[in-house]
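In the block that follows, a single chain appears as structure tokens, in the form predicted on its own.
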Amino acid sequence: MIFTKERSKTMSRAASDKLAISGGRPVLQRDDYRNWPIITQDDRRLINEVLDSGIIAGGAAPQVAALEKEWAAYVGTKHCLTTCSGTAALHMSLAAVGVGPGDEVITAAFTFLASASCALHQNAIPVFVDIDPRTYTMDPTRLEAAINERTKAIIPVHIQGLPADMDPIMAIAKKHNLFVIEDACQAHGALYKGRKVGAIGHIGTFSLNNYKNLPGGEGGLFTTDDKVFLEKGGLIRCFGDEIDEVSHRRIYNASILGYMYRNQELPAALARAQLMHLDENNNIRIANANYLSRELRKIPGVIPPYCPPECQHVYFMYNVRFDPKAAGLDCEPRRFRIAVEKALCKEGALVGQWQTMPVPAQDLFQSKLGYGGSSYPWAVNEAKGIQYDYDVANFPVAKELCDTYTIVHGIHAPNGPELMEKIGAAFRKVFANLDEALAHADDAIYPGADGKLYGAG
């Protein structure tokens, strides 16, 4: 390895400490971390209300109806529907705006699969746009080049708790008469220029997965100001069945193709109770993130997450990137990230990647194997001579991010400054001994957070 003078700035007392990956004493223990979600008396009270009521399901059941009303008020939309997942909410949204066979739906190259696969469920075709190198959200400057006569909708993703740059996206959508579906599944309570995400586009979508800032175990939310989209979403959510206008009962006559995307009373009750503490818990995430960023920014080669001044980031995930040149090393960036990640893992820091590649690089898009192992829905347009290129080289920013980032777990409440300082100490120790860390880059170590940290077995 080639070392520069910059690297010497990171040397401290930690330099004399043997890394845990070499048999030294780790900085952190698992007991330093406290788990998410936080279960309070509000959760127990509302769960008991469900059990006492004897009503545990139903599209208009008491907890479901209350959650819809409360979430719409919180976000600032006229309407809300609960769903069984954020993925279901995304699919409902595309169906509600009329996306169909051969239409194209644009989303970001760095996201979770569902931001793109929801289009496939409407026989539509995902098209990807690369991300901004600082925010990791859809790059609006690349958006218009992806639009053509087949484009029907745009799905900007508020990634890891940070809002996408919505003003230029909405302006481009308006110019081309396109629908905007906000994927806010990771961004409950995030703000863009003073507005909550999920209330800016035509429809907003959220997840209630146990990992999320607003957990319900599982579930999702669909928000809109448009009554037509609300009614269409309601049909999609419940088998396409019509509701009698007088009795308000299902008449078991499916007017369109629908699905079973309803939520249930127990998850809805848990989400309602968690909503009572959402802002408080988000503020703890923000404080923890700000503390950790101040510390990590002092270490050459560590790039903390960036938040534009007009946004409020709610840090569903805390994304850190590594730059070997800034750390004073001549090392391939991906190998450097792997080495640092493994060394941090052995120090007891719960770190590890989320998405390991841009979504278009996944096998589904490389093979274009769709329904029943066929080439549909791509074949709808390929029969007309239209080709789709998912070469990862088309998304260099997303590719570089996936090579160089890790997620630092534990940013959530009730964790606080004490844990953040220990995490910072682990980083300082590893970066003071990078040559030692790199010597173990090929060790059989598998970084990541155990599921129990986030209420999963």
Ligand SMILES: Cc1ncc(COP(=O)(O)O)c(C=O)c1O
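One-based numbering along the sequence shown. Source: prediction; values computed, not measured.
Same protein, other form: the form predicted together with this ligand, not shown, and the subject of what follows.
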**Request:** Note which of V314, I154, C185, I125 lies within 4.5 Å of this ligand in the predicted complex, where distance is taken over heavy atoms; exactly one does.
**Result:** C185
**Prompt:** Using a 4.5 Å cut on heavy atoms, which of Q274, T135, N288, T87 is close to this ligand in the predicted complex?
**Reply:** T87
**Prompt:** At the 4.5 Å heavy atom threshold, is T82 in contact with this ligand in the predicted complex?
**Reply:** no
**Prompt:** Taking heavy atoms only, is V380 within 4.5 angstroms of this ligand in the predicted complex?
**Reply:** no
**Message:** Against this ligand in the predicted complex, would Y192 count as a contact residue? Criterion: heavy atoms within 4.5 Å.
**Reply:** no
**Request:** Indicate whether T224 is a 4.5 Å heavy atom neighbour of this ligand in the predicted complex.
**Result:** no
**Prompt:** Which of these stretches, 328-336, 211-219, 293-301, 250-258, has heavy atoms within 4.5 Å of this ligand in the predicted complex?
**Reply:** 211-219
**Residues of 99-121 having any heavy atom within 4.5 Å of this ligand in the predicted complex, listed in sequence order** = T111, F112, A114, S115
